[in-house]
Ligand SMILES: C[S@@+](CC[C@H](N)C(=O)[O-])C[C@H]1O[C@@H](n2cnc3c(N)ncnc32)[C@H](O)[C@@H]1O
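Presented below, as structure tokens, is a lone chain in the form predicted alone.
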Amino acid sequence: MPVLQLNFVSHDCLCCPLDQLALRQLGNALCCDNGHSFDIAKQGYVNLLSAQDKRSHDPGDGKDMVAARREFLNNGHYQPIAEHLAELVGSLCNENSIIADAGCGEGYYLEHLRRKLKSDHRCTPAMIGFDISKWATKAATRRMMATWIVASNRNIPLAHNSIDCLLSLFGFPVYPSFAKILKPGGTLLMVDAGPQHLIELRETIYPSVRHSDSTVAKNALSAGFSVGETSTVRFQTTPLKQLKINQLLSMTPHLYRASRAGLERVAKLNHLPVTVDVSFRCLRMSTED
């Protein structure tokens, strides 16, 4: 069988989701010593999401949602988040580092991070992005060549103690899984919504607005992390038209939580500056293996 020219970037820290053995590339597939084989898609990613990690036929963000997020982010509305992320990661990594993005979406933040690290720090660390959505992972391959995989945060197909810096932006963290793949002394960089995040949109959707206290510190400590530096990025977007408001809404859980009346109120908006309020937390693994 002829070998296709693939854009997939293999890495020796990849492991089989079924038995955790190392994966190696053989032609158009990744294989482990027990004979499990995973085809590499022609777009440049590999699906390592096992059947037991699926909670639906097509888990994660759908094709339309991924496209909406890609267009919204490409318009620069969240660029200050990407800039601050690059500043933080730049102080943590070097040419030999391995950076992974848990819930990478369509790759916007990793692409920006690589560009900034290459420009400002003259380094290009290895980058791995994984997401439970095949549509998001497939879209990420169009941004840049990297190690893109479909995978769940609950069963991450990466070797234990292999990652220097793990990113989790607006995702669903599974701290014990994160702890396993980070090197001793490695950093988990958590990015989450602050109390005023999208407040204008939320006030339109809901009769009353509440913000729950973050459980990041408590849950991370119980998984063996120590809490390091924290910082906040807060700004207001330019006024968003209806199309951009809909794209933004589709990126959030509010799309599914909102009532029909709330969604109808949002549909009438056509000039809405939105507050972006985001917290960054550096969580570190113990240096003891």
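Residues carry their position along the shown sequence, with the first being 1. Small disclaimer: the values here were computed from a predicted structure and weren't measured.
What follows is about the form predicted together with the named molecule, which we do not show.
- Taking the partner from elsewhere, residue 251 is found to have a heavy atom lying within 4.5 Å of the named molecule in the predicted bound form.
- Put simply, residue 73 is close to the named molecule in the predicted bound form: some heavy atom of it is within 4.5 Å.
- Not displayed here, the named molecule is approached by residue 154 to within 4.5 Å at the level of heavy atoms in the predicted bound form.
- The closest non-hydrogen atom of residue 60 lies within 4.5 Å of the named molecule in the predicted bound form.
- Each of 105, 132 and 169 is positioned with at least one heavy atom within 4.5 Å of the named molecule in the predicted bound form.
- Just one listed stretch, out of 181 to 189, 120 to 128, 194 to 202, 96 to 104, contacts the named molecule in the predicted bound form at the 4.5 Å heavy atom level, and that stretch is 96 to 104.
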